[in-house]
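This document starts with one chain, in the form predicted alone, laid out as structure tokens.
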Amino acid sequence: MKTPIALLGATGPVGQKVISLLENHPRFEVVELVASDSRIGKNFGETVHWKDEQPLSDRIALLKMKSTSELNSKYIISALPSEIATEVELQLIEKGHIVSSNAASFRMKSDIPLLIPEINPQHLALVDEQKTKGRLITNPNCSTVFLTSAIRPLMDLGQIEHINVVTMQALSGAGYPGVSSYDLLGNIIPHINGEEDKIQEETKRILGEPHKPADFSLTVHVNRVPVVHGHTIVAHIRFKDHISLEKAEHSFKVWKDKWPNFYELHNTKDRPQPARDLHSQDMRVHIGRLKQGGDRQTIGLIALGHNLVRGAAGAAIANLETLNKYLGEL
């Protein structure tokens, strides 16, 4: 039998992607859906504006929308907006639920893991410090996932001093209906509220020790671009000492061998590209344009990933799998 899952924020883009990714999952099955009060008691299919590439199944479409007070499932994935998640997720873990959250509300709280299972699994031990009956775990900001995953293999080569980051973030990252087409078509918006601070703080927390952030510095510029799905990260990583391109390439190959379904390495000069290299359930971090920077202490690269999958819904699912294994419940 599959483990029943409740999903909070089911009608949004991230919630829809969770439903799509769990449709044929070997361990989990969505059995309860929660959305706004105005939808309670209605069939999900009647209330959702379904946008995911995968069709909505009849089983999910017929599920009645519930309030959080009606939930029976022990395990919960939260795709709630942060302003709602702050109160709701805390109430649920106090009642004994195990919550994997995509919201930003608790990402920087010292006893709650900000987790990418392949990158910082040692942070999972923070759940043992939580005093609530249940447990809470979070995944990072959708751009932070791809940046930190690109940096981690290079940390094996030497001490990083500074990282310059420029993001090109897809419109689906703004939710639905998101940014006005009049503002974004044929245009780039060089600001996303709060995003630069999130990337700076979360990157240092993920790549440090559980209670000690990494000590390198970052300069971050973010941009919203007219791409449907896929966040592209341009990064230049400066080291304290000289770093050869050959060693950087070898380190990524080692990590690719370690996590063959996590990294996808591209060697051609014009890749990776969102339109060509991502698919609708893509959990990979695509790495390309690896090169020596302006000096021998700098490595430049491109990282790309699906912001709704590895950057959000898929990350929350992977974290829940990892947490349940850690707790000995899978």
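In this text, all values refer to a predicted model and were calculated from it rather than measured experimentally. Don't overthink the numbering: it's just position in the shown sequence, from 1.
If you look for the form predicted in complex with a small molecule, you will not find it shown, but the lines that follow are about it.
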(message) I'd like to know whether residue 187 contacts the small molecule in the predicted complex, with contact meaning heavy atoms within 4.5 angstroms.
(response) no
(request) With heavy atoms only and a cut-off of 4.5 Å, decide whether residue 150 touches the small molecule in the predicted complex. (result) no
(message) With the partner left out here, check for me: in the predicted complex, does some heavy atom of residue 81 sit within 4.5 Å of the small molecule?
(response) yes
(message) Within 4.5 Å, heavy atoms only: does residue 30 come near the small molecule in the predicted complex?
(response) no
(message) Just to confirm, with a 4.5 Å cut-off on non-hydrogen atoms, which of 35, 60, 287, 299 contacts the small molecule in the predicted complex?
(response) 35
(request) Identify, from the list 243, 115, 154, 103, the residue with a heavy atom within 4.5 Å of the small molecule in the predicted complex. (result) 103
(message) in the predicted complex, does each of 138, 316 and 320 have a heavy atom within 4.5 Å of the small molecule?
(response) no
(message) If contact means a heavy atom within 4.5 Å, which one of 173-181, 118-126, 210-218, 90-98 is the stretch that engages the small molecule in the predicted complex?
(response) 173-181
